[in-house]
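So this first bit is one chain, no partners, the form predicted alone, shown in structure tokens.
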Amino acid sequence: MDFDFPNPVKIVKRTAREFAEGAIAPLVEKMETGGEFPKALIRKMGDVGLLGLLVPRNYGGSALGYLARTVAVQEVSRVSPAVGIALQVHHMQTAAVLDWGSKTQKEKYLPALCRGEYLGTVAVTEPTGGSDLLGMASTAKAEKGDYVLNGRKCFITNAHLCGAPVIVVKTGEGSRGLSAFIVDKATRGFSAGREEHKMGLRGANTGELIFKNCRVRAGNLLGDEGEGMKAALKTISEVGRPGMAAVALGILEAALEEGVKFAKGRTLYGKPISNLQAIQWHIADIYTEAETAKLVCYRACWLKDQGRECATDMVMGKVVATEAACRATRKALDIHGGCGSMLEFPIQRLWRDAMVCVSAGGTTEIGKLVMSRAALS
């Protein structure tokens, strides 16, 4: 087994780190206090190629694959998990359009998404919940060759930043009763609702999408009618979950860096606290969590790039990485002692960010159900 990254992945990793440290780091404090996403970043991410990593070159991307995408999101999230989740959800829409879109849809939407004309999103979750797809209440009814959409989506990342989101709604009953649409922002009856204010991932835009007698053309149907369930599950399981895992990997790396830096710089009993065995154990635990999560997540994305079955591996990576991020940031908080609760120290932000990542893209409990089915079979 070769655990070294191919050269294109190494280049993406270096590019993403340099971009994050140069363009994103100066904005983190403002995002944290104001809670708003810096819109100027969208074009800049497009300029350096971060938005089109999964998209073929003929549509404006680089088609470097899922391992490259993971390390890019990881490096961005090491500096700002809020920008990391915005980026990974954007990739969800590019993948959905690539997998299910018509040639016309790909030519219209993918270049714009790669350039950064707006951020992408896939809207599934409703007030009734995100895991129960068949329980959603939003509908699309065929009418005179068009579809009329009614309903409300909530907790949607990039809701107010997306120019043409992918929406999954009911067009019938049962597993073939869901369909996906691309809805342009200017369509009458479509609006962005309230913007949520979260304990973590502050600056990442999260909000509602509302449809009131919103009429869209049949040409906006993504795939065929009745394929919404398959499109949603594939996009969430093979793009959304590894994307959230990558955000968690960035948090893990940042937690290790912050824990080590504080332990070396904090003096107690006349010596750095990094000399204390209890602190060393915490550092060792954080280091192990980070390295273990990387192995699981990188392997899952390698499988995807090889065209092999990976859904269970993807959810395993998501569960392992997000839960590890919660444990690791808590241990890093302990290393900081009382300083960990002070807003001037990044570790408190990383702990809050990690907590929000657990439910995004599917809860740990749902992930365990998926893994248990695979194990029992």
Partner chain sequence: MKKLHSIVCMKPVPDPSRFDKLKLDPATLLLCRDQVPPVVNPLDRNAIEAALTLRESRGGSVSVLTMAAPSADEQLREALAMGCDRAVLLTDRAFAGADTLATARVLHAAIRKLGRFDFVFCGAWSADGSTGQVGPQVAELLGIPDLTRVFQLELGRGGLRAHCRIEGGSAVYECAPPMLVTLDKEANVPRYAGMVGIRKALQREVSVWNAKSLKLSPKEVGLEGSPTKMLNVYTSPVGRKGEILQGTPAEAGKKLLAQLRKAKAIA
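Being a predicted model, the structure only gives us computed values, none of them experimental. Residue numbers count along the first chain shown, from 1.
The same protein also has a form predicted together with its partner chain, omitted here; what follows describes it.
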Item checked: Answer option from Leu64, Leu333, Met31, Val319, heavy atom within 4.5 Å of its partner chain in the predicted bound form -> Leu64
Next item on the list: Give a yes/no on whether Ile42 approaches its partner chain to within 4.5 Å in the predicted bound form, heavy atoms considered.
Entry: no
Next item on the list: Consider Arg57 of the chain shown here, and say whether it contacts its partner chain in the predicted bound form, taking contact as heavy atoms within 4.5 Å.
Entry: yes
Next item on the list: Could you confirm whether Val12 comes within 4.5 Å of its partner chain in the predicted bound form, counting heavy atoms only?
Entry: yes
Check: For Glu18, is any heavy atom within 4.5 Å of its partner chain in the predicted bound form, or not?
Finding: yes
Check: Which single stretch, out of 325 to 333, 344 to 352, 45 to 53, 309 to 317, brings residue heavy atoms within 4.5 Å of its partner chain in the predicted bound form?
Finding: 45 to 53
